[in-house]
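Next up: just one chain, as structure tokens, the form predicted on its own.
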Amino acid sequence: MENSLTASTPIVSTDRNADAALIERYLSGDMTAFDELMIRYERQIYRVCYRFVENREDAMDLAQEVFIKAFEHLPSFRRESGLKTWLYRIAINHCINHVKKHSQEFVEVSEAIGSVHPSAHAEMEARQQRDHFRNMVGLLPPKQKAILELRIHEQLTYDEIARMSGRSVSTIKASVFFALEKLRKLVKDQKVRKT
């Protein structure tokens, strides 16, 4: 499974074929096929959910709820996109609704540390910067945060995010642009307040 995440296009095509075969088995009455699909994607869906709630137990619960929704709606899956895209869309929408409902807005956005062997002081500064950036991202609307998370942390292309979210590529680019602009403004406002 790890190879499929970094593999070239032919393996992605093979994964889609394998997904299609499992969907057909499930639709023919083989309930174990859905278990196999769940095993294939549970880590990825869990990671998406965790980015929203930053809590292991809540992320596990959300991931289970995503798979319950997928189980209920798999017969109506139109296969216009890949199963992974469809599952990500369900996960993102479910997590956004969860965040809105519980008035919690958490997304983890990581930054690369510049040095291979950072000193303790540099490591502490980097951690503070990541925490500060995460707090700033927490002020964004849930949809902007979700898109920014997929773009920065998951390193998905605009096209992939558009397919997952059901929006146009230009809408995704605009959303990322406005999210980054809002972050710049928040950082600038904080610097003005400190002086």
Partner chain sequence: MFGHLKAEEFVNLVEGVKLPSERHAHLGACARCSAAWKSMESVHKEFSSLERLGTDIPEPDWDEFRNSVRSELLSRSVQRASAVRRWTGWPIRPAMAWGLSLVIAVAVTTGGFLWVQRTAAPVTVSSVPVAAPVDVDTEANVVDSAISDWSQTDLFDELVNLEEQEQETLRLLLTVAQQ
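Fair warning: this is a prediction, and the values are worked out from it, not measured in the lab. Definition used throughout: the rigid core is the maximal C-alpha set that superposes within 1.5 Å between two forms. Positions refer to the first chain, counted from 1.
One more form of this protein exists, namely the form predicted together with the partner chain; it is left out here, but the text below deals with it.
- The partner chain is not shown here, and in the predicted bound form it never comes within 4.5 Å of any heavy atom of V53.
- Not displayed here, the partner chain is approached by R151 to within 4.5 Å at the level of heavy atoms in the predicted bound form.
- Interface membership of D30, defined by any non-hydrogen atom within 4.5 Å of the partner chain in the predicted bound form, is ruled out.
- With a 4.5 Å cutoff on heavy atoms, K143 does not count as touching the partner chain in the predicted bound form; it lies far away.
- For the partner-free chain shown, M31, F34, D35, M38, I39, E42, R43, Y46 of 30 to 46 come within 4.5 angstroms of the partner chain in the predicted bound form, judged by any non-hydrogen atom.
- With a cut-off of 2 Å and the rigid core superposed, E36 has a Cα displacement that reaches or exceeds the cut-off between the shown form and the other one.
- Remark: with the core as the superposition reference, the CA shift of Y26 between the shown form and the other one reaches 2 Å or more.
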